[in-house]
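In the block that follows, a single chain appears as structure tokens, in the form predicted alone.
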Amino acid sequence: MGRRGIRFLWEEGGRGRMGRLRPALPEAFLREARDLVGERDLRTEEAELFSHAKDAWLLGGVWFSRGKEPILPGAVAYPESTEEVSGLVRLCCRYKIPLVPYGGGTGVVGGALPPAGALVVDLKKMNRLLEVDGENLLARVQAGMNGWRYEEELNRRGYTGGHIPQSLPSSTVGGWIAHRAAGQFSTKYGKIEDLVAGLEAVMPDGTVVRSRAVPRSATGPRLEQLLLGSEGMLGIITEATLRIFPFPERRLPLSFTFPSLEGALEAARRILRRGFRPAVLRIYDGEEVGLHFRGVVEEGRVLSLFLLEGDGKQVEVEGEVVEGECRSAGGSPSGEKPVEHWLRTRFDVHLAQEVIRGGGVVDTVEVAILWSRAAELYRKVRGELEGLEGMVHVSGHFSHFYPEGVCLYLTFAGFPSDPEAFYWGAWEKVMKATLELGGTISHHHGVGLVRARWMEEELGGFLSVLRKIKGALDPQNLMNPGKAGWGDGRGGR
């Protein structure tokens, strides 16, 4: 195994028997792995392999619905401690078996798809909230803890983690970190890279490293920052110390509609420029208003949602600023109802599954760009996507905000004659338009397999540095190989 013979994705044409795709791992390896984690926690049944052969990548769902079978791993291990993870990594090194860390399986870019015959290390049994330090506003948590349970536990003790991605009900803390995630409340609380104060991880040779939680340090580059967004290619994150916040004293929902996207963006830019940070700020175009807010908001208008929270006095002042800037930019108050509707439906993703079940192709793409090119990028990619054969729906909203720019989140769907050509054609148009206007091709979903082909243009010379780091830390290229455009760590894809 190792560099030779690594196969990803789906077998073409849909094979008749899964067994033909199932690679066998050496019996001696399986015996030693069972000795490490126990008979019950080393699984090789077909159902177990199948469930770990895919993530939430929507093209995978399209292939699956057409009868194509995924490439299978060789086994799935459920370690219960950092020591067991370390033992599994050392064992894989000795037998030259690739391994893939696995959390909730909610990634949408193919980052958790295993190569044939890999060992999948599923961390869901490492799922405890180890410590909540209210004085220092820190929480120590194992990487496999479910996001919803983490937030619930904190809320019960009077705190919030401030990290609420759409995948919250099924994603894990380790997955957030490995994919450099961003939550819906991140304009106030920050993205996951702002929340990580310390990490514990198992490196590609099995060594366990830990960093102390400190407010800040100038003792050289921080290893945890290198592991953030590394998608399991530089090590397996086993534990994190995250910053937390007192549960908000007050919440204030506000919404405004605008005749144009530019007016809504300008109001948001002014609010951020003045130093205010609404917990939730989202701007929906007319198509998304028609899709997600039918009967709640006047169709054809652009909708800006705000959820302000925190200290009561701070929220009061922030509310006055938000209302003043929105009115000044041409917005009309639309009340609390659109925000309440969004809070009730924000984790609902059934529409995408309905399109796939109906024989269509659908996906979402998030990119980020400076304020000065935001509206231009939106109009450019919309125009180009609408020109694709079979396209039936293109829409967008702005979901995360910064003093210097925004995240644009696009949705496209179609019923084309050639689904894969349509899918990659749509991605090509969004990626190229974003790069041409100076944006970044991913805001918070990561790279995985989907964006790998554009990483040279995205990172330039920095990509070769990352490949050298990968080659130095993982010379056998066993840690989640082939992802993020890093290739085998030696300079090629």
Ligand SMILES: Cc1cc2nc3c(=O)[nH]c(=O)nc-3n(C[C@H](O)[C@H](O)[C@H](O)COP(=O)(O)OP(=O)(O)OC[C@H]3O[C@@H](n4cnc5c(N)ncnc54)[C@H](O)[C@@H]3O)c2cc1C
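Computed from a predicted structure; not experimentally measured. The first residue of the sequence shown is number 1, and the count goes up from there.
Just so you know, the form predicted together with the named molecule exists too; it's not on screen, but the next bit is about it.
Though the named molecule is absent from this view, in the model of the complex it lies within 4.5 Å of a heavy atom of just one residue from 167, 187, 241, 255, which is 167. This chain is displayed alone, yet in the model of the complex one of 236, 118, 406, 281 has a heavy atom within 4.5 Å of the named molecule; that residue is 236.
Across the proposed site, 56, 102 and 181 without exception bring a heavy atom within 4.5 Å of the named molecule in the model of the complex.
Stretch 168 to 176 is the answer when you ask which of 168 to 176, 332 to 340, 283 to 291, 270 to 278 has residues with heavy atoms within 4.5 Å of the named molecule in the model of the complex. Although the partner is absent here, residue 302 is not a contact residue: none of its heavy atoms lies within 4.5 angstroms of the named molecule in the model of the complex.
The closest non-hydrogen atom of residue 314 lies beyond 4.5 Å of the named molecule in the model of the complex. When contacts are judged by a 4.5 Å heavy atom cut-off, residue 363 does not count as touching the named molecule in the model of the complex. Although the partner is absent here, residue 106 is a contact residue: one of its heavy atoms lies within 4.5 angstroms of the named molecule in the model of the complex. Contact residues in stretch 356 to 380 (any heavy atom within 4.5 Å of the named molecule, taken in the model of the complex) are absent; none meets the cut-off.
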